[in-house]
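Okay, so here's just one chain, in structure tokens, the form predicted alone.
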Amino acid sequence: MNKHACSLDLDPFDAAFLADPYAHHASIRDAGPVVWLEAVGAYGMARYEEVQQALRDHATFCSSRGVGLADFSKETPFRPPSLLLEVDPPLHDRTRSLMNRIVSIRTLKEFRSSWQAKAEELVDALVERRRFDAVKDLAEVFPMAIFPDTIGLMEEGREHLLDYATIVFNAFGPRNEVFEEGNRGKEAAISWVTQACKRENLKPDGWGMQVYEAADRGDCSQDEAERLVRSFLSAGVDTTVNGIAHLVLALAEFPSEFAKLRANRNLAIKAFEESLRWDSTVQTFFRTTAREVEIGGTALPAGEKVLLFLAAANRDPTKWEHPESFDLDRNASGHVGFGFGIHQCLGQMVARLEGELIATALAERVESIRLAGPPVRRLNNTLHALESLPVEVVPTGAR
């Protein structure tokens, strides 16, 4: 450990920490721009300035040695590394460029009307019930109603997508009790995803087949195409599920902000953006120092793991005023809920559109939202996930 870094006696992957990470973030930020986390043998950064700087400087804080605790230069990854998340330029530039052509703004515009219709149909049915689980009945249902078809996945076994995302994000942390418990009974999900990513099992015209067609043109190899399709599946569902769930939680806990949204539906995308800052689905990611670097007066040696607390950065009071509040008057631009820099989330535009459509549908049909029971968390080494969110809504115009 570098003698200039403050050592903190806390484990960011302990069950108590994962259940309520925001209770601990201030102590990490207050300890300094960079700290030493004895429990995991890695450095940590939780202030906005340093986290954003590390995400932006991909040459110094590299991703190719893994964005989890495991160092790919010293141990074998549990699965072939992601060709988007766990590679550096120039390979990253080639694969990201290929995927950006498939997941484009133009393409999403073509989907908007059909996705909107599904969002409205789903919210209509839930509003009629008045009481529902915003996770099981809304946040999980909507992405699963549109995402698998967009990729062109085979029909049978799609429910494995949720389990697979849990496994992947758990694997970025240590092999702790949370990892073991979260992965128990989910072995079939890995097998299903392996088959679902193969060319012969993808439907024509979906994003998955478009990746293989790019391989036919020589933009990537057939093996790379299979791994790129897998990248869709690992990050395209669970993160959006929890993003939508946190949006509903925010609207229920801050009724004055929901009133603003109801008065101005154009705030829908802003509401989703602020919810991502307020309660970030992806809490942390690791980087590895590719060279010696000085951060806030502390020299970090080359080859060291650095844990970036994205959610802590998104509530840094030096960046955001009253950061613990969900505030639609706030400019949340610059939050790192989707990461930052070249490795920024590929599916961010998809998630934003889904969040906007759900927020709009709720604002048009619901007068008020309240919690009908305590939110239940699902522990994960990387995600701040909701297992259940019971809510009760009053339909617009109801007495």
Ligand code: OVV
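Remember, predicted model here, so these are calculated numbers, not experimental data. Numbering starts at 1 and runs along the sequence shown.
Missing here is the form predicted together with the ligand; even so, the following discussion is about that form.
Not one of R101, Q210 and C220 places a heavy atom within 4.5 Å of the ligand in the predicted complex. Residue heavy atoms within 4.5 Å of the ligand in the predicted complex occur in exactly one stretch of 164 to 172, 180 to 188, 124 to 132, 302 to 310, and that stretch is 164 to 172. None of S280, T284, T240, S82 but one reaches within 4.5 angstroms of the ligand in the predicted complex through a heavy atom, and that residue is S82. Between the ligand and the residues T289, T150, S234, T298, the one pair within 4.5 Å by heavy atoms in the predicted complex involves S234. In this stretch, 289 to 315, not one residue has a heavy atom within 4.5 Å of the ligand in the predicted complex; the partner itself is omitted from this view.
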